[in-house]
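Next up is one chain by itself, shown in structure tokens, the form predicted alone.
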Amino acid sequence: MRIVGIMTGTSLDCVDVAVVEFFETSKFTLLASGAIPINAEFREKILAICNFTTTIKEVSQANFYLSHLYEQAVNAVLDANGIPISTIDAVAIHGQTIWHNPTAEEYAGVAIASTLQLGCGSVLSALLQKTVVSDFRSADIAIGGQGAPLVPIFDYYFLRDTAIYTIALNIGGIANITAIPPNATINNIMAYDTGAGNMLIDAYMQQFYQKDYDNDGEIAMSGVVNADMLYGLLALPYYQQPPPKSCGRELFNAEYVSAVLPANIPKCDIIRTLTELTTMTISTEINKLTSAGRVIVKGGGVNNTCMMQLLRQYIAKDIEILNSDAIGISSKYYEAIAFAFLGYLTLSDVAGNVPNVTGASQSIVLGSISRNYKR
């Protein structure tokens, strides 16, 4: 089955596209990949929505706009690589998360948990004239799960080892880990969000330096850690919360940082302290799980030299740290590939969640399937 996977994460930098061919659940080939930048105006609109300064009209417009952007991204990557769209079986989209509240709260007299990702499968299906699988998180939340993380099922199938304790580490906007013991079954793995990844660093790089990210960790390496700020950030109860757990901009935002920001702190020290927060919270969780094995890293954080150096400093010395490219899986397009795999599972009528990871009451087929075209 040949599926296009599309990922837009909390970093809001670009639309990642991966064209993947799957051979059952044991093998895949990445046929093509590419990224389409998200323009600054739309990024600001999404951030405004996430910060609750919005209207229903804005949410609706953004939902359709993103679907059109996905269409452009798919066609651009297929055209650039000479792949006819007629050879594509389906498209799988994660969508852009604008709200994630997996812990049920009272709403109109009922305990309700919810999540919302922009990007309409029905619109994209009509535009591309292809089957689209979307809305992967809702079904898991409906049966008591966190709706996240969902990539661990891909980690399990393609990273497990008979002898080595393996931890898959994704450092995107949010950082998350999947722990796969030697000879693990699907019920033996553990996965959860450790906290902020690049999201806070990127936000303050944009505010202070008008740059999308800290290139190679240069700004962080020019600063020093502010202990008061770091300890204030680490006081967030989320870090002490046991898994299953997941998080997003509803926790890690400007208000979270500004509440503990000392007066007159140099800008580079803020970037350095936020980098310390990310690496410290990741390494703390990894060291709880194992003292030997390997960590396979993917996501934008692999390109941050400061971050990678700190991880090597803080993670137990008998744990090898590898870029996922070293084992043949693109670090940049890892999650787009993983969501193509989730689409493959859905269309094969195979459950895509891992109940002991998300906390759901059972395994369930994920996603909504849109076929808005004449076959």
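Quick note: we count residues from 1 along the sequence shown, nothing fancier. Treat the numbers as computed from the prediction; the structure is a model and nothing was measured.
Another form, the form predicted in complex with a further copy of the same chain, is not on view; read the next lines as being about it.
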Residue stretch of 151-159, 264-272, 247-255, 118-126 approaching a further copy of the same chain in the predicted bound form, non-hydrogen atom distance within 4.5 Å: 118-126
Taking Ile98, Ala108 and Asp135 as the candidate spot, are all three within 4.5 angstroms of a further copy of the same chain in the predicted bound form by heavy atoms? yes
Answer option from Ala316, Val59, Leu31, Ile36, heavy atom within 4.5 Å of a further copy of the same chain in the predicted bound form: Val59
Check each of Ile49, Leu342, Cys306, Ile329 and return the one that places a heavy atom within 4.5 angstroms of a further copy of the same chain in the predicted bound form. Ile49
Indicate whether a further copy of the same chain has at least one heavy atom within 4.5 Å of a heavy atom of Ile369 in the predicted bound form. yes
With a 4.5 Å heavy atom cut-off, would you call Cys14 a contact of a further copy of the same chain in the predicted bound form? no
Does Thr54 reach a further copy of the same chain in the predicted bound form if we count a contact as any heavy atom within 4.5 Å? yes
Heavy atom to heavy atom, is Ala80 within 4.5 Å of a further copy of the same chain in the predicted bound form? no
